[in-house]
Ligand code: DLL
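Heads up, the chain below is alone and in the form predicted alone; it's given as structure tokens.
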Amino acid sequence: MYWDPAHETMPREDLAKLQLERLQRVTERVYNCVEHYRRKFDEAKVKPSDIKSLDDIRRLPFTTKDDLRDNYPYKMFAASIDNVVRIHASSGTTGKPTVVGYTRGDVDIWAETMARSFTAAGLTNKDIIQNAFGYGLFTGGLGAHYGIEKIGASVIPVSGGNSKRQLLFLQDFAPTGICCTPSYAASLLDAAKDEGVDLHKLPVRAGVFGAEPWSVQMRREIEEGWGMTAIDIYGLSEIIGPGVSFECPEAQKGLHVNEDHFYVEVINPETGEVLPEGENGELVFTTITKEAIPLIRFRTRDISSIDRSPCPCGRTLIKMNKVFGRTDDMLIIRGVNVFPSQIEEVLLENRGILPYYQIVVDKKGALDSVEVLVEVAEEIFVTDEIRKLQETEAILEKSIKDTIGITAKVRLVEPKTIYRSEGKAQRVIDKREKLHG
């Protein structure tokens, strides 16, 4: 099922031609309208007229979050403020927030890309979708909202949090779809058990989840717990918000990038070298149709790879594999690179382990220490003897060591011990930062 078959199934040679035309236009525009890019292009000794092929994009400079912060709030805008109809911003937890703007055309494109995402999940104008992404400066809620309305479905704009109200609406309003962060979908599973709500008796058949990395095992937990199909979407506020790429149910192995709007590369995060298909590296996106704040080769810090193999769904759009971590989330433990999602993958392979965990990294003397707190199902915690729980901890410790190569102390804890996030889950507490800070 396609929302826009003309672009989603476009022959690759036609798509490449379209991308080049749009890339040439956007480089010309930012050079003429954004002082930052004019200076960066001049420093790199490249002019918009030098872009003769898609490979020439490698001559262009990268853009980072620091560039957005240094040009806060509007100096990266290529459109005048009177043409900007929406302004979003990041939380700014590591400094000034990154500010992004949208023209009317940008909002229309955003709705289109999200319409593709919901359509790929099998949702149509006959559906009711509960939107539990947060509304406000965070791009998730409004991006999903406009996509739902674009396909003609009914949207319940409940926003994030207040799980009892979410469950009330799930029962009374009878939505057939839901969208939120995967960790909140898992949290609603727990809330449903507490309230005696059987999610399998509800009409929800599809969930559209994003805004954070999540493992195959967490997908399985959500699908089994809800009795629905769970679809992954990807986006980031600097590029457009959710809607950069989306999963199709035929494969559930990779997310189709909306290449007619976003040109994707994968680079070595240390050297900036473009990596070949299949190699993991940092995702880099260029917005080739955005008007308010077009970005050239934006470094996302997300780790993934790209796949050009044909997809059973018939879409010709390139696929990116599920993001399994971020360069700034990566932990270096005794010289080993570790992503939280790798530990999650190991944990959830075991019976009775719940998708709530926290990784605590500390320093004991000169050595890093890692403790993994993970919740287990109540029936296991109550009925299993202490010895059996200790055996389970030992099994998990061995699995982590065998799979990732680090030694970690695993501690099983009671259900609801670990804080439930209503947005993105906080998986890591790195106490080493305080020691050095």
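Quantities reported herein were computed from a predicted structural model and do not represent experimental measurements. Residue positions are given as counts along the sequence shown, with the first one as 1.
As for the form predicted in complex with this ligand, it is not shown, yet the points below apply to it.
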Problem set entry | The single option of 228, 115, 333, 236 touching this ligand in the predicted bound form, heavy atom within 4.5 Å | 236
For this session: With this ligand left out of view, choose which of 193, 205, 326, 86 has a non-hydrogen atom within 4.5 angstroms of it in the predicted bound form.
Result: 326
For this session: Indicate whether this ligand has at least one heavy atom within 4.5 Å of a heavy atom of residue 177 in the predicted bound form.
Result: no
Problem set entry | Interface membership of residue 139, this ligand in the predicted bound form, 4.5 Å heavy atom rule | yes
Exercise. Is there a heavy atom of residue 340 lying 4.5 Å or less from a heavy atom of this ligand in the predicted bound form?
Worked result: no
For this session: Answer with yes or no whether residue 212 is in contact with this ligand in the predicted bound form, where contact means some heavy atom within 4.5 Å.
Result: yes
For this session: Could you tell me if all three of 133, 302 and 424 have a heavy atom no more than 4.5 Å from this ligand in the predicted bound form?
Result: yes
Exercise. Want to guess which of 228-236, 265-273, 352-360, 71-79 is within 4.5 Å of this ligand in the predicted bound form, heavy atoms only?
Worked result: 228-236
